[in-house]
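The form predicted on its own is given below as one chain in structure tokens.
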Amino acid sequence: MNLARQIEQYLPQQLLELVKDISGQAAERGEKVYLVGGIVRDLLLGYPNFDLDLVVEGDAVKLAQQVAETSQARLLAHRRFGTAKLRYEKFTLDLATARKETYARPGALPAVTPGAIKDDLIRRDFSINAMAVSLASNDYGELVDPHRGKSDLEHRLIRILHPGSFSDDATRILRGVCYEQRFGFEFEAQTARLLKRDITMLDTISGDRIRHELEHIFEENRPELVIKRLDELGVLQRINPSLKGDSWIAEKFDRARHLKKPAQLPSLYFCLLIYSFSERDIERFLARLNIPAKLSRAMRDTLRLKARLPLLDKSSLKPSEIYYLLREYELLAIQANAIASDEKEGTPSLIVHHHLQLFLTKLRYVRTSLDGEELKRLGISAGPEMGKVLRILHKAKLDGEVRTRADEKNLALSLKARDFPTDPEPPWE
């Protein structure tokens, strides 16, 4: 089957000219270039995808270096792995040397040696990702499909390439469920049986690799569908027995998409995912997945704040009291609790939700007009005295007791002659 016409219509003109130029330079070197993987799958499905993967029957790194020298591309090469990345103003291209893979043991990273395009395709996870399209002039557009990927696309099936696929690399279980939910496909019967058989092989996968797969899932348009399916299959429980993919998670993930910028969503999803955890659960989870320090703090803070939400369940709280209670927590933790506390009735109360939202939308942005230099000019000494004045000014600004720069100046001047309280912050501890 030839896909030349589809390629010409599918790719933006600038990107099309670029891959043709790369293929031409490869031909001069006696090498051949293919479009592979997700781009071929999405081309056949009609899904937009301009993250291009190119496989070179030859030396991908040397080819990429040559291309970079004659273009405006920035090059990032990994000679050890035979891969390179070319960054253009509007596009990024990944080039890899066609290779064979062997696994020393289940879950291990593969040993790699150069190979041909069919060697490269058989190492892939599923038939729908094991297709290539030639970019060479003599057979431009020809589909290479040794594992019936096009047929499986037409029948809406997810199929592994060999019986040991999941045991070789159990992260394919997570990716397979992701594709199943993204495209509305089903697992082919034998693939479904082998998936269930090999769920225990997730124990052979490092925490970093499992975390990366979850991060990719959280980049999906509706990751809650994937999480729900992983729960049904028993995959979540294998990662951590306390993980759930129920209707609560689905509702809160949906709310998160409407309340947070997409760049922060994966971290916010993580905080919501562990909302029902105990202290012991969270520490096991953080250790198992080797969660980075900043996200670990946000996830721990999510549970710490959850335990202290009753302190916010008072309609009489002043804005400054709300601020000083919440300011110590990571912003993601406050956002997660705001989403989790958005209940129409019951616990947590709407008062709690209102106070969390007030902090997120207003209080955290409140700043005094006067700074340290201006306080010096008013005769207030630098040091503890100035720090107390600034805190009192900020508290008054939060509570609406001062509104203008003049109000702040008058309050600061009045404080010069007073004895300061030991600490103007509320005694929460």
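All residue numbers refer to positions in the sequence shown, first residue = 1. Nothing here was measured: the structure is a model prediction, and the numbers come from that model.
The same protein also exists as the form predicted together with cytidine-5'-triphosphate (CTP); that form is not shown, yet it is the one meant from here on.
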Among 32 to 40, 66 to 74, 371 to 379, 395 to 403, the region lying within 4.5 Å of cytidine-5'-triphosphate (CTP) in the model of the complex by heavy atom distance: 32 to 40
Sole residue of 124, 353, 228, 252 within 4.5 Å of cytidine-5'-triphosphate (CTP) in the model of the complex, by heavy atom: 124
Partner-contacting position among 172, 150, 244, 211 - heavy atom within 4.5 Å of cytidine-5'-triphosphate (CTP) in the model of the complex: 172
Contact of residue 59 with cytidine-5'-triphosphate (CTP) in the model of the complex (heavy atom, 4.5 Å): no
Partner contact for residue 179 in the model of the complex: cytidine-5'-triphosphate (CTP), 4.5 angstroms, heavy atom: yes
is_contact(residue 257, cytidine-5'-triphosphate (CTP)) in the model of the complex, heavy atom dist at most 4.5 Å: no
Partner contact for residue 129 in the model of the complex: cytidine-5'-triphosphate (CTP), 4.5 angstroms, heavy atom: yes
Residues within stretch 210 to 227 having a non-hydrogen atom within 4.5 Å of cytidine-5'-triphosphate (CTP) in the model of the complex: 216
